[in-house]
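Here you get one chain, nothing else, as structure tokens; it is the form predicted on its own.
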Amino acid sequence: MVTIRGATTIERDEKEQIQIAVNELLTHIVRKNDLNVSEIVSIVFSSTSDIHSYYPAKAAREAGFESASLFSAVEPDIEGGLPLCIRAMLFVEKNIDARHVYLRGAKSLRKDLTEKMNIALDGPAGSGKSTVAKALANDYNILYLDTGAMYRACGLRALRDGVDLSCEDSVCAMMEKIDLSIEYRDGKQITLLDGEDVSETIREPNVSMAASTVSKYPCVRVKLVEKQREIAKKMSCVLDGRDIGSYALPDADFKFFLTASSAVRAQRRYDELTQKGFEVDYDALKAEIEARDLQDSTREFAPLKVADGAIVIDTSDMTVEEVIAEIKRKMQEKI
């Protein structure tokens, strides 16, 4: 059983307006969730106390929702509440990810679902950014843009070409001719380098430090940030990296900085890599993470730092689910 929520508003407490608004709301919910009316077990309506000329449940029956059980209730008065609002809760016999619908004035209740938004997640390596970002994107049904993959691809190209990573001019010359693109297949980000899918190759341990090194050069960051901004401008998305909230998207709607102790982050990365079949040494991995932290936070251009207005969350003793819940709670507080 899946629960789908929705809400809408009317301009005046009139029967015809209630009928139109309820029909519109339910129609949108059905279409957005690819439902058959017969799959709806029941619908519970609640309306603010300033609506009394007609029951939303009657309007639903008249709109063709005949197989579901219907119920209407009046909400108590809440100071500062949204006036002339009708809420609906649908109980559906179908295994789907619910897509909630908020129309008209009710859009203000859930801006995270009804408006284009960008969520910036920054933090050091191993703080859980990518895992959390992917989960948030899935929950909100928006795009996840793995910015780290873009820098890793540049690091991989430098390694393959034997570029001197300590020479900025050499790295910038490489960036002038690099063929890097991002595609989305079946909801998954694919990183293409010279037309080759390098999505897995860029996760190899030796690429991490190279990515951190090349990313300190302005010519690299400017080119990649330009791509990131183009994508974020067009659609709602979650971006994770080192400088998303501070440099790439300083006007992001929601900004978070995830961190954790180097020991915890090293253990997470160790577990991740060994599960993928890589042979790694924990102590060496911890030392590399600490070295990368230093390099990322001390670079002159767009360093790793807590962005203005960002909420800091220490994930050392938190599960992924707890981190996601905390971020959603903070987002809802802001809304």
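Rigid core (definition): largest C-alpha set, two forms, superposition within 1.5 Å. In case it trips you up, residue 1 is the first one in the sequence shown, and so on. Remember, it's a predicted structure, so these values are computed and weren't measured experimentally.
Quick note: we don't show the form predicted in complex with a small molecule, though the next part is all about it.
> Work out which of Phe254, Phe257, Tyr102, Tyr151 lies within 4.5 Å of the small molecule in the predicted bound form, going by heavy atoms.
If I apply the 4.5 Å criterion carefully, the residue I get is Tyr151.
> Mind telling me which stretch in 279-287, 294-302, 66-74, 35-43 gets its heavy atoms within 4.5 Å of the small molecule in the predicted bound form?
Partner-contacting stretch among the options: 294-302.
> Might Asn118 be said to contact the small molecule in the predicted bound form, defining contact as any heavy atom within 4.5 Å?
Contact check for Asn118: no, nothing within 4.5 Å of the small molecule in the predicted bound form.
> With heavy atoms only and a cut-off of 4.5 Å, decide whether Asp243 touches the small molecule in the predicted bound form.
Asp243: contacts the small molecule in the predicted bound form.
> Check whether Cys237 has any heavy atom within 4.5 Å of a heavy atom of the small molecule in the predicted bound form, and answer yes or no.
Answer no; every heavy atom of Cys237 is more than 4.5 Å from the small molecule in the predicted bound form.
> With a 4.5 Å heavy atom cut-off, would you call Arg221 a contact of the small molecule in the predicted bound form?
Arg221: yes, in contact with the small molecule in the predicted bound form.
> Quick one: Lys129, Arg203 and Ala211 and the small molecule in the predicted bound form, is every residue within 4.5 Å by at least one heavy atom?
Every residue of the candidate spot has a heavy atom within 4.5 Å of the small molecule in the predicted bound form.
> Arg31: after superposing the rigid core, is there a C-alpha shift of 2 Å or more between this form and the one not shown?
Where the cores coincide, Arg31 shows only a C-alpha shift between this form and the one not shown that is less than 2 Å.
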